[in-house]
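The chain that follows stands alone, in the form predicted on its own, written as structure tokens.
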Amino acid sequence: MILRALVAAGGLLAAPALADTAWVTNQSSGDVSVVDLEGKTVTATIPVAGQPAGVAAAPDGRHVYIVSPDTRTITEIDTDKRAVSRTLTLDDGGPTGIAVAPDGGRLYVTDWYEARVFVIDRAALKLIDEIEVGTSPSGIAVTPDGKRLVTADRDDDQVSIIDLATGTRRIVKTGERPFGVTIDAAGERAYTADVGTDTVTVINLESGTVIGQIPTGERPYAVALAQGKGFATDQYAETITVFDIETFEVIETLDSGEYPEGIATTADGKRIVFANWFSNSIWVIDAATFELIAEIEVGDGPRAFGQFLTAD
């Protein structure tokens, strides 16, 4: 299905109002585009240190955290003021992916260079601990109950599953070079986007076993879940692979902009939003019909790697 064809000459397709804001990290322009999804407009552009890529919203939506690998910076944005409120610069490492604990107490940041996760006290914005994981960790996610942490260890072709109460680590092999990792709302499954094998691997977190693998387009980057379906951004193919989360069958392949990367689901579960790195845009699609709702221009080189949506 070609999404571009769904944009009518007189404007975009009509759709119900959106109640979400996108915080899109623009790596090349060194800023964050704040996008009102209802109004389909950029309402603010916030400069941040370095070349931002990773992003995670706090559970209460009052702050968003941005990772800039080149400057080793964690930037906190106040979502009400639309401005940077605090920054933390790490002494070393290559921070890449970021997740916020469900209770909002801690930030977890993958270190691409040192096979570890930085644990940061959110209130103090201070590094308090490190967790050992596999080589070149990229994507990271926490289960909704806050009990497990999962990292995509790209160069080890695996995920690390960390029991946060005991520190116990389990390893599960995936497809080659997993990059993004997503956990479902029940906290039962993790989905990895496997860059090297063009697959999504589905993992049962309780048993620590692979229960499915889905073929995708070339170089899948990240996965979002909605309406009983998974949506994988296929960076090189410039498509979105849609699959059934129960049968693991591919349902549809959708066209995207150039180099789709970060992808997330709106709060109502009805829409998928993803960033097109080379097109300098985000697209919003209906998760049930696959229709294009909006195509919105943002900054230069949008990555949006992580949970970049907040609900208003």
Partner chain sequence: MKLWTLALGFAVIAAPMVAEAHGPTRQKITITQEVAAPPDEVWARVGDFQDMSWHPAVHSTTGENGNEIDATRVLTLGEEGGPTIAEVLYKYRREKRSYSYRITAVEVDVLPVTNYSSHVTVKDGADGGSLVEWKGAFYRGYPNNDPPEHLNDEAAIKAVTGVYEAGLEALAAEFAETQ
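Quick caveat, the model's predicted, so the values are computed rather than measured. Positions refer to the first chain, counted from 1.
Separately, the form predicted in complex with the partner chain exists; it is not shown, and the next lines address it.
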query: Distance check, T266 to the partner chain in the predicted complex, heavy atom within 4.5 Å; finding: no
query: is_contact(G187, the partner chain) in the predicted complex, heavy atom dist at most 4.5 Å; finding: no
query: Partner contact for Q235 in the predicted complex: the partner chain, 4.5 angstroms, heavy atom; finding: yes
query: The partner chain contact in the predicted complex: T253, any heavy atom under 4.5 Å; finding: no
query: Per-stretch contact check against the partner chain in the predicted complex, the hit in 277 to 285, 55 to 63, 242 to 250, 30 to 38 (non-hydrogen atom, 4.5 angstroms); finding: 277 to 285
query: Contacting member of G212, G104, P144, G93, with respect to the partner chain in the predicted complex [4.5 Å, heavy atom]; finding: G93
query: Triplet D20, Y108 and G306 all within 4.5 Å of the partner chain in the predicted complex via a heavy atom; finding: no
query: Within 4.5 Å of the partner chain in the predicted complex: residues from 258 to 277 (heavy atom criterion); finding: E258, Y259, E261, W277
